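In structure tokens, the next block holds one chain alone, the form predicted alone.
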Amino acid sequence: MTERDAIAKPWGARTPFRPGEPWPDRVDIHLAGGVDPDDVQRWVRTASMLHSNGDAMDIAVVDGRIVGVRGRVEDRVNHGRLGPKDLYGWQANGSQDRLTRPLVRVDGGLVETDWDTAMDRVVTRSTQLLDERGPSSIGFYTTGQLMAEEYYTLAAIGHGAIGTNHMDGNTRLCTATAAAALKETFACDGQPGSYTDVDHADVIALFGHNMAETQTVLWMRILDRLAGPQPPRIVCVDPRDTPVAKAARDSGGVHLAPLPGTNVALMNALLHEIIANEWVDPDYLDAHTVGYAELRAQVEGCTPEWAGGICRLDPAEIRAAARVLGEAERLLSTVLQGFYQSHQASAAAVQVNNLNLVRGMLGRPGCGILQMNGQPTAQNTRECGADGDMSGFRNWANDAHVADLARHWNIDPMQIPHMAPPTHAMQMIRYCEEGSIGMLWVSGTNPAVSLPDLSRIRSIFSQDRLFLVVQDIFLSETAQLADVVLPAATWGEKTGCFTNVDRTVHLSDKAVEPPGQARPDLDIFLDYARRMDFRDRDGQPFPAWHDAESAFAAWAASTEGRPCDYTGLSHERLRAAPSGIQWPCNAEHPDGTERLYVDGRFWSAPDHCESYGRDMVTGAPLSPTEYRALNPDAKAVLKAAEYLPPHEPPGPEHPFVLITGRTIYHFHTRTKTGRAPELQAAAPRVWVECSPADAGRLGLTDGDLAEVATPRGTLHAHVRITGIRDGVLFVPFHYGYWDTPGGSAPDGGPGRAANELTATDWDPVSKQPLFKTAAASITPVEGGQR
């Protein structure tokens, strides 16, 4: 076992391996000071909670306290390795400022109370709204950090018992485009690829995906391939000069740094080159896809010279990247926020799917697509239906699917609202602003820092007419604005399942008791259901389950015959297995399924698919008739898209393009990582990155305090001069106000939250907000402290 300084060496030592060999094991561990491995009384199985990779780990317990973690060597995802947030993040569980009792608002302030009083307020308001205004007056906004059992329960309560259409997750901000892109191409969510494709690929292309900081353990796997014989070449698309970009150059691959907001133009030019050079697989295209003629016609005029002018790239660089992609024998493509948080997010991500399909690179070792997630259980949010999706990857536009889910819930199908897809998060906020949503229940997320245009969000959440319920583990910026705050248990304090991006399901067992009166989210949801006296069609309590194990059993049963088939899994099965198991796992695949679509057959049959797709420009849904005409033989769909310029281009007053993003040391709004001493010390304050040329022109030096402004607001941040491309600024989005005098907002002066600057706007298909294309300015702050 290896204990290392994961701040200074986030990826640890190399364990090189050649293509096709198993990834060598390396077990990482970190224990509290003075604790020896022999002192640990129990090791309890779990998986990572502070990123989306799904690293299996064991929690070390001494005298009822968490004292550290170690990686699990048997696991297919990480082979024992852990990243910085895995190794240090657990310390947040023991923070002295955890919420331990419910809070209610009295005379303008939050005061401690008991569970009966807090829940009575929630139930009273719910009942009043349902009686006076109906189900659409209540909305739920959840997260990508609860567990499958909790999401399924929330979906049953919201869609089934209450009948509201207003339910979404903060996964709308990070993973909605992943789901949308998969549904547009394959007519169903579910990642085609597997992490083991890294072990076989000869080219790995990362599109807007800074894997080195967002999936550190998967990046270790690539670094170990790069250090071994026959390393892969890397293609990186990112306006910043990240460790991934350096690896691309060092591997003989290509780093492309396009202007943000131009990804569709770039992808169309890459596809143009691949088709023009006949690097396509005509047999695969003919047998397994539709839409190739339309795609070829769309990209015919998209030459590298055309795209170079839009993306501000040398056409020779685009040609070089296309050649690497076009000559690959085993191509793995990954996609993340650099593509997802733009005005043509889904259109760009779909072109990555197109790239692998025209090359016939799918369903065999080394040939895969990973439309990545940003949170540990984002996949479960979608699968279980706690966002805009329907439980079990069912189709909202298919009445038979609605009836099937109603059968599992033992309710009338008409109780489940399905005249239109559920309301997405940005629209829900608008309904709160306009007053049609009178109660918003926020669980496990902090929209007062993570949503765009924060001054507007704070104004909405502060309205007297909105009853805001927040369920969290800390008094976050959002919780400070709530009418009722419910203290929740977190990772390590409850039992449930996680599913990562490559469909690996892990069971996380309870290791310690939650503090004070904090309760698992599942218990809170079920308590609400019982107090509301929800009943099924036989008059029995609904939901019918009563704990995590019975909730999982109900969830698994509801997936029978669906793409995400869990019927071969149970808590008992997962507890007995060496480690995680990939879905679909059923009687046909009792040990799980490593890759999807190995036979070129897709879940896109009109009666089976999750979605009929949308128009790539307007986002308008296709009708069942239109889809049946497009794809009668259940093939993958190649969807073409024309490039459209960003909605807010730079101008004289705001000459830069602002992008926001993540750092390796923090997760989301820093509510947990800001309380882990090593992580907080590694990145204690917000910064803004700009290029050497831009800094020199503006008279900025490293460490200067600068003001960054957009039409929405301003913030102050210290300057870092980096290899980011000219004309682009980067600000990490993690920093809010909970550890400042302001508490929930700036304390009279300029802010520090990146979302003071971002716009209320979203991709038309996935409805994911835009965090990559705001027009901005940067100016030195006179007398600003370095």
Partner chain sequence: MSKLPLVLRELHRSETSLARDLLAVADRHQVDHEIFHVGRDIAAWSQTHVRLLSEIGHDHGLELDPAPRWTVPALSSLTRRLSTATVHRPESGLLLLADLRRVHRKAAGVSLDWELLAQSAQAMRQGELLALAQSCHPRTVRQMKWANAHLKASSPQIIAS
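Positions refer to the first chain, counted from 1. As the structure is a prediction and not an experimental result, all values here were calculated from the model.
What comes next is about the form predicted in complex with its partner chain, which is not displayed.
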**Asked** Among the candidate residues A482, I437, C609, L266, which is the single one with a non-hydrogen atom no more than 4.5 Å from its partner chain in the predicted bound form?
**Response** I437
**Prompt:** If you check A576, M419, V106, A293 against its partner chain in the predicted bound form, which one has a heavy atom within 4.5 Å?
**Reply:** M419
**Request:** Using a 4.5 Å heavy atom cut-off, indicate which stretch of 90-98, 399-407, 352-360, 462-470 touches its partner chain in the predicted bound form.
**Result:** 462-470
**Prompt:** Do H647 and its partner chain come within 4.5 Å of each other in the predicted bound form, heavy atoms counted?
**Reply:** yes
**Asked** Does its partner chain get within 4.5 angstroms of any non-hydrogen atom of D761 in the predicted bound form?
**Response** yes
**Asked** H166: heavy atom within 4.5 Å of its partner chain in the predicted bound form?
**Response** yes
**Request:** Could you confirm whether S136 comes within 4.5 Å of its partner chain in the predicted bound form, counting heavy atoms only?
**Result:** yes
**Fill in**
Looking in the predicted bound form, the residues of 423-439 with a heavy atom no more than 4.5 Å from its partner chain, listed in order, are H424, Q427, R430, Y431, E433, E434, S436, I437
